[in-house]
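Just the one chain here, the form predicted on its own, laid out as C-alpha cells.
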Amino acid sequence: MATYSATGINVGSFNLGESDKIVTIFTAERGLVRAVAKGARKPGSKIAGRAEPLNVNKLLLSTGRSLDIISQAEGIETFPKLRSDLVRLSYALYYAELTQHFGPGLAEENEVYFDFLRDALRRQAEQDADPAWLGLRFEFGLLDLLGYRPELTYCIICRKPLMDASLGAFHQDWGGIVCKVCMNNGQNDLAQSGDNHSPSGFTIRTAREITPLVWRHLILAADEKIPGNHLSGKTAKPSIKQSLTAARRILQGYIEHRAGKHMKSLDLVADFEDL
C-alpha cells in the first residue's frame, strides 16, 4: 500500500469492530480524511490517546481501498486547558462538527483552514476572551472561507446603509439583514397573498428580528481586528451577555440553514448557557 504523511486535527470518530476506530481528520495537506486507527480501543494502546477528538497529530497513513489506515501517529498538541473547561470544550466540539460537515467544501483552502482551526482551538484554550464571543468569531471565519459571509451593513433588498433605527430582521434565505421598511413591505405582501411566501420571495419563517445591540455584536465579531477582550465572562453585564447569545443564535441559525441540518453539539453549548 502507498503511504503518505500529513498533519491533522481529529474532528470526529466512531467505533469499528471490537477494538478499532474510524477517525475523521482535517489535514493541512489533503483536507478531510477518514482513516482507521487499529487497536485504538485496546487498553494501553499507544494510538488510543492520539485518536481522541481535537488532538493535533503528525501522521503516516497507508492508502486503503475505501479507508486509509493510520500507520503512525505522533502527538503535537492536545489542548489540556481546553479539556478542563466544559464550556470551552463544548465550543471546540462545535468547531469539530462544523469541520466534518463543511470540510469537503474547503478543498482549495486546506492549509488555510487547518491553521485557522488550530488557532481557534488555541484561543479557546487560553481562556482570555468570552468563549461565546470566540465561537462567533470562528463562525464568521468559516463563513468567509466558504463564501457565505452574511451582509450586515446594507439592506439586502434596497441596498440602503443600515442604522440602528432602520434594522428589521436577519433573513436566512438571503444571507443578510433586511431593513425595517423592506421587512414591513414583505409582511404586507405576505398578508395580501395569504401564503408563506410573498411575490418577492420574502418569508417570515427564515427571518429573525434583530436589535441594535445584537447587530453591533455581529458587526464587531465580523471584524477580525477587534479582539473582544471586553467581553469577560465574569464582568460583562447581563444585557451584554444576553445580546451576545442572541447574536450567536442568529448566526448559528444561518449556518444550520446553509448546512440543512441541526448541529448536535449546539445542544451541549445551550445546556451550559442555561447554567
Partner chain sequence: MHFTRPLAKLIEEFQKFPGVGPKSAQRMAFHILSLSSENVHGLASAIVDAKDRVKHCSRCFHYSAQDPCEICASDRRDRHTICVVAEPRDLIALERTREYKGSYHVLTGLISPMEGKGPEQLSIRELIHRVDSEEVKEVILAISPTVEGDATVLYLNHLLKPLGIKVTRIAFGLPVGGDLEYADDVTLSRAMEGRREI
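Positions refer to the first chain, counted from 1. Remember, predicted model here, so these are calculated numbers, not experimental data.
As for the form predicted together with the partner chain, it is not shown, yet the points below apply to it.
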Can you check whether residue 153 is within 4.5 Å of the partner chain in the predicted complex, heavy atom basis? no
Residue-level question: is residue 39 within 4.5 Å of the partner chain in the predicted complex, judged on heavy atoms? no
Is residue 12 close to the partner chain in the predicted complex, meaning a heavy atom pair under 4.5 Å apart or at it? yes
Answer with yes or no whether residue 46 is in contact with the partner chain in the predicted complex, where contact means some heavy atom within 4.5 Å. yes
Taking a heavy atom within 4.5 Å as contact, would all three of 86, 93 and 96 count as contacting the partner chain in the predicted complex? yes
Heavy atom within 4.5 Å of the partner chain in the predicted complex: which of 172, 71, 187, 100 fits that? Just give me the one. 100
If we take heavy atoms and a 4.5 Å cut-off, which stretch out of 179 to 187, 113 to 121, 78 to 86, 155 to 163 is in contact with the partner chain in the predicted complex? 78 to 86
Residues in 127 to 164 with any heavy atom within 4.5 Å of the partner chain in the predicted complex: none
